[in-house]
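We begin with a single chain expressed as structure tokens, specifically the form predicted on its own.
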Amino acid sequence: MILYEKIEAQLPQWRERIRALAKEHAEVVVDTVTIGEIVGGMRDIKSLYTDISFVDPSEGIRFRGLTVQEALKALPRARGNQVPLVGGLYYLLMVGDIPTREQALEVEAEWAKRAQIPAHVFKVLRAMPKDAHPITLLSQATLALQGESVFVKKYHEMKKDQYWSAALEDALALTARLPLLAAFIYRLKYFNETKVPRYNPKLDYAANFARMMKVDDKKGYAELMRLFLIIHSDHESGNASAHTMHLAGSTLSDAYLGFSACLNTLAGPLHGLANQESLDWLLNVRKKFNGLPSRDELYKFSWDTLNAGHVIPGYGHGVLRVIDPRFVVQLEFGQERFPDFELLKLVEMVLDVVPTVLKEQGKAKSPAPNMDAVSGALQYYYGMRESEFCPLLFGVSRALGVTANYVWARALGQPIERPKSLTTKMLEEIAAKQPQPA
């Protein structure tokens, strides 16, 4: 094909030009950023602001200033539960204060009032191909819901300083419906069930999600879902999926359109698909060794993975330089409830071996595990064993953070984003004007 041939012929020269810019002129300043930052994916450029959460490289995520452990300790619980209510976390993200139990339950009640979905949305899902990825299905369902947007219906009636109230209504309605949508997708895709699950207003948000999923509860899945939804909820505005929704929202697209775009970004193997790949990697190890390997066998298998040009999913992070606290609380959850579960023991063994291997290899900036290294194993214990569904669960949780950011972006009148691009030749000319080292 002519286009393929022409592009292929140009690639060696173009790749060398970009390599030279990245390696030889990375520190050259262009206005206020460097060439290295421009050609390196804008990594670490400070150009966004949000008060919803912040990722501290040495402490991990902070929700409204609280570490994971502090938030889990401070947020209110329903009677008899060990893990806080998700409604309390949403209140914290939206308001900035720790709620009382009554305030958290009020958010839960707002979700229960909005957990109804028009019939046409389920028709869309039933019409989709059977092999469609769960994220694709949830993204399509979110788009099918877009006609429900209050923001769209009121846009021409509102003044700019009123946008946030309609955005909040959309945020509540969207997040309320996601557990029902996710559970329907799970049961339709893997069990060919077409019946729509029912939301029980007597149960909290996470308990409803757990009940609607077709898994073995074992008297603990609702607790896991509370923990999962809370710790996966946000990771400041610069990660790919959150920034995608922020960018879409800056155009005044509504929350449904923005969240669909967020999900499409989350589906990338370098982002939300990591938890799927982490679980698959653990299962492959177990299959290869017909159970748990020895430490030496796992050490060799890890090196074989790296030498084959692959990464060990769940290890390393673009920001964190310590063990992800979200990994720690999940591991502790499993150790407390099912310490003898084989896949959890494998997670512990990987934690002992893989950081050593990555340090020896010397390429990873941070050889510590992130939350993806264990989240799938916990889901697997309770019966959610389809690894490709893990990113969808991540997406449902991330909706809590990105919608909170969306509401506050409208409340503060954040403008449309429009960064400026330069050509490769322009960058080369800027680099050529810099004094050359002796």
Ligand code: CMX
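These numbers were taken from a predicted model, which means no experiment stands behind them. Counting begins at 1, following the sequence as shown.
The protein also exists as the form predicted in complex with the ligand; that form is not presented, and the subsequent description refers to it.
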item: Close approach of residue 366 to the ligand in the predicted bound form, 4.5 Å, heavy atom; value: yes
item: Proximity of residue 306 to the ligand in the predicted bound form, heavy atoms at 4.5 Å; value: yes
item: Contact test in the predicted bound form: residue 46 vs the ligand, heavy atoms, 4.5 Å; value: no
item: The ligand contact at residue 71 in the predicted bound form, heavy atom, 4.5 Å; value: no
item: Of 197, 316, 76, 238, the one that lies within 4.5 Å of the ligand in the predicted bound form (heavy atoms); value: 316
item: Heavy atom within 4.5 Å of the ligand in the predicted bound form - residue from 252, 247, 311, 124; value: 311
item: Region of this chain that lies against the ligand in the predicted bound form, out of 164-172, 80-88, 316-324, 101-109 [heavy atom, 4.5 Å]; value: 316-324
item: In the predicted bound form, residues of 341-362 near the ligand [heavy atom within 4.5 Å]; value: 358, 361
